[in-house]
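In structure tokens, the next block holds one chain alone, the form predicted on its own.
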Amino acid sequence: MTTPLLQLNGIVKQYPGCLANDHVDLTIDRHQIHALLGENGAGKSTLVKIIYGVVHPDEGSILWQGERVTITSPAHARRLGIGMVFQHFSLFEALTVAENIALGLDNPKDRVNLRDRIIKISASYGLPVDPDRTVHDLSVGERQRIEIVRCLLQNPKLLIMDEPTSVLTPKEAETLFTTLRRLASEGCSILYISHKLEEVRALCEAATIMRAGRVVAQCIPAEKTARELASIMISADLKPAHERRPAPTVGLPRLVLNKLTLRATSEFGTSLKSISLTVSGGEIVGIAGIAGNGQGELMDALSGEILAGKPETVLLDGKPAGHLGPYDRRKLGGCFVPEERNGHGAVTTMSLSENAYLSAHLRGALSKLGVINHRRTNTYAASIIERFDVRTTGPAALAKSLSGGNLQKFLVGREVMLDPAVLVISQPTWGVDAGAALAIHEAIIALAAAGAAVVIISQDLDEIFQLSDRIAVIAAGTLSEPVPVAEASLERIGLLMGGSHTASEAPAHV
């Protein structure tokens, strides 16, 4: 029999108050696409960090191509032939794409003709990136392409991918699947972590499922339904949120955009062109689109991070807000969840209690005369943790200690529990497991049912169709006319995503 590419035997990793990996066994064969499944906090991230040399196990052994090894660092892992694309990006925003990729290449010879190699390999794999663009100008989806291309440039024998399609469109994801299948056929094994179970069923030949730090099952994904896989992951039966959703009762307009027009603030940004939209209380409007078509600029214009110029350009509950920043828009009832949770939605070196205070101090009355009410702030953070089942040791835990999905649940909960008049949320379930996604979806639906106006900006079309009452598409900075979800189809939305409604006129200064 062929020796497996990688074998983990009895891996144990203990953190204070948390047994992250409890005697975990994992075998990955050559030429295999192997899924690693589990809900947020199941121990997947710790396990792959051990494989990649970021974390060292307390117990257990690692066999690489049949020989026992101790992987001392990521550089050592790369020398062995192990590459990893992290869910949270390790990019310097002030540097260009080429400069960031160069920093991840250990051998100076690999930097020769790097710009041309980036263009060639990114085009070959259907993940186009411009090596001369600065990272801070890129969307989350474009940043993820950089991580993938940087890893592929090193010709790995094992490629670890953590939520690689979270911010890709279905077409981009299918292109990536074609690439991964080709890599596997050429001899590169893939360890694939994803919460999108249908794509796991379509792509992966084997799966190891973890729960609470332990391996609880191994299976062939194609022989299970997505519901069965999810039930094994969380040890419970799942019922989709849309089956429980009451019929929406639409009230008065709560968010109105009146011909919002903004010129891009950077050379590679996307200008917004005469965007008009009305969202009433009780309804959810989904905004779909391919990464880099103005979603970030629209989110910034809605939250007040970029001022919309004329006050009447943005109305919150009928009050002009286009000239107001985030603080004053929150005073009018707006709440916002950005797409990038690390550094934008949360300060990772601060505690959950401190992060709760950052956006909730006003509407949550967490301070008075400039003095923080720590007891009330801790109680608020604890209530978020309890209601949204955030897996953590408590309000004092640092944000960076949480898995991506658990931090996302905390950030969504922080805004939802403020009972906003308007909630704008970007990529609500990026990197979130089935159970956590269900909790987030139900919270959004309940908020709309209570009378809030909700705007969801997402590249996940399944999510858009599941939650939205009306769907609009942003392409090249232009927003299509929203259509009722009952009248929408994947073909129609896909056509709009391709830019069939794009205006040709250039935006004016405001």
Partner chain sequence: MFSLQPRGYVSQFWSWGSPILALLLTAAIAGAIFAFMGRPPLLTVYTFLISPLFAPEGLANLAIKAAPLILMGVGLSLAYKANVWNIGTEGQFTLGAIFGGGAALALPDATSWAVFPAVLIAGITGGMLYALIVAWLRTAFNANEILTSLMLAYIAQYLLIYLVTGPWRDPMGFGYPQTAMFSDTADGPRVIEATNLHFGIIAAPVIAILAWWILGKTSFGFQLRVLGQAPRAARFAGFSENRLVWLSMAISGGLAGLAGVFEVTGTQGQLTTTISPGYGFTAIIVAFLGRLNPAGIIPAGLLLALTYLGGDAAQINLGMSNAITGIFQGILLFCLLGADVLILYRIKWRKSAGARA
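Residue numbers count along the first chain shown, from 1. For clarity, every value in this text was computed on a predicted model and none was experimentally measured.
Below, we refer to the form predicted in complex with its partner chain, which is not included among the displayed structures.
Among residues of the shown chain, Arg145 is not one whose heavy atoms approach its partner chain to within 4.5 Å in the predicted bound form. A residue is said to contact a partner when one of its heavy atoms sits within 4.5 Å of a partner heavy atom; Pro338 meets this definition for its partner chain in the predicted bound form.
With a 4.5 Å cutoff on heavy atoms, Thr349 counts as touching its partner chain in the predicted bound form. Using a 4.5 angstroms limit between non-hydrogen atoms, Asp433 is distant from its partner chain in the predicted bound form. When contacts are defined as a non-hydrogen atom within 4.5 Å, all of Glu305, Gly345 and Ile372 contact its partner chain in the predicted bound form. Between its partner chain and the residues Ser280, Thr208, Ser359, Asn378, the one pair within 4.5 Å by heavy atoms in the predicted bound form involves Ser359. Comment: its partner chain is not present in this chain, but in the predicted bound form one of Asp300, Asp162, Asp137, Glu172 has a heavy atom within 4.5 Å of it, namely Asp300. Only one listed stretch (113-121, 99-107, 359-367, 177-185) carries heavy atoms within 4.5 Å of its partner chain in the predicted bound form, and that stretch is 359-367.
Scanning 403-422 for heavy atoms within 4.5 Å of its partner chain in the predicted bound form gives Arg414, Glu415 in sequence order.
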